[in-house]
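Coming up is one lone chain in structure tokens, specifically the form predicted on its own.
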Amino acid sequence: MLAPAVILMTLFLITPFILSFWTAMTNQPLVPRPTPVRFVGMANFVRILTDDLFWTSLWNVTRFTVWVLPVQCGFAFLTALILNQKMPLRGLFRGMFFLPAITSMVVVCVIWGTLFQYPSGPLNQIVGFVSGGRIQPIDWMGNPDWAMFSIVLLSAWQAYGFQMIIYLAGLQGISEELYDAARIDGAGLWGRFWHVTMPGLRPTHVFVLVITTIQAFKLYTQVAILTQGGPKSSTETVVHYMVRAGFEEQKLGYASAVSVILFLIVLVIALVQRRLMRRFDV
């Protein structure tokens, strides 16, 4: 029964992934050329690790991940806690809050691009109204100090619904008997939250943190549509760097080497996260 799924995954996921390791050690172009493909060993990796733009892109995506994790996961957790309570139209609210997660990122970028318009976009008008005109219009996409922060906002808004659903499933998996026992023991609202809810969500926290980190390091669409890596490379990411090398410069071997490095980085981070979460019993 599993054979069809295993065969398809092997053909379209596992085999290309394994071949990318070999391609990374060649000068394979995107479009076949008369000159033969040569084995270059670790030359592509050396070029990548000595390229300042790669380190800039890695720093940018790390900065994005550090910013988006607390915003996205925190808001998802808070929303799940609220929507897990018994309230009128609870199902409707759950659907409304989940809607951005099933909306195409391209559409989200177009909408938020309109909100970020400089100088008279809706977001700048709100900032000016709230500050009484004391804060001047912000060039959200054109200012290197604000561009990545703007991408964090739209990314967290678009994707938090997925984490919210995961947290809701985790909350509903906690037995009500545990809460009843805590009440009998005299635990208040905070005591039940800290000693029942948080331990019960331990596997959920680990899953959400790891999956969000992986998705954050794959940041591409927002950058490709809104900033193209600018201004001044302040939003250049590893995946955008890889796509430019592979498709614009037609260096498939070089791009494959970037993908291998990114895979190893994400793998190490995910393993470290799981180990730390278990060690600190979160």
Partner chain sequence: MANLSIDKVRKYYGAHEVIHSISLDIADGEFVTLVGPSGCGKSTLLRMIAGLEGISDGEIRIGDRVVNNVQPKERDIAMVFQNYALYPHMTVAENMSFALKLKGENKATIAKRVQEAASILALEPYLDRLPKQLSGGQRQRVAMGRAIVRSPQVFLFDEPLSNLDAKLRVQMRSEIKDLHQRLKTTTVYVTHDQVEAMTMADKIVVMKGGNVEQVGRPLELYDRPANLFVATFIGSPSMNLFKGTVTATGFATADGVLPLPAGSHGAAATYGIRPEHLTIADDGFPVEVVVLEPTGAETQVIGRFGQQQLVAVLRDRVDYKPGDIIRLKPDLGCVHLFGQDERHL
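Numbering follows the first chain given and starts at 1. All of these numbers come straight from a predicted model, not from anything done at the bench.
FYI, the form predicted together with the partner chain isn't displayed, but the following is about it.
Only one of P88, G95, G173, P199 comes within 4.5 Å of the partner chain in the predicted complex through a heavy atom, and that residue is P199. Though the partner chain is absent from this view, in the predicted complex it lies within 4.5 Å of a heavy atom of just one residue from V210, L115, I82, A187, which is A187. Judged by heavy atoms within 4.5 Å of the partner chain in the predicted complex, the contact stretch among the candidates 123 to 131, 73 to 81, 174 to 182, 150 to 158 is 174 to 182.
In the predicted complex, none of the heavy atoms of H205 sits within 4.5 Å of a heavy atom of the partner chain. Heavy atoms closer than or equal to 4.5 Å to the partner chain in the predicted complex belong, across 77 to 112, to no residue whatsoever.
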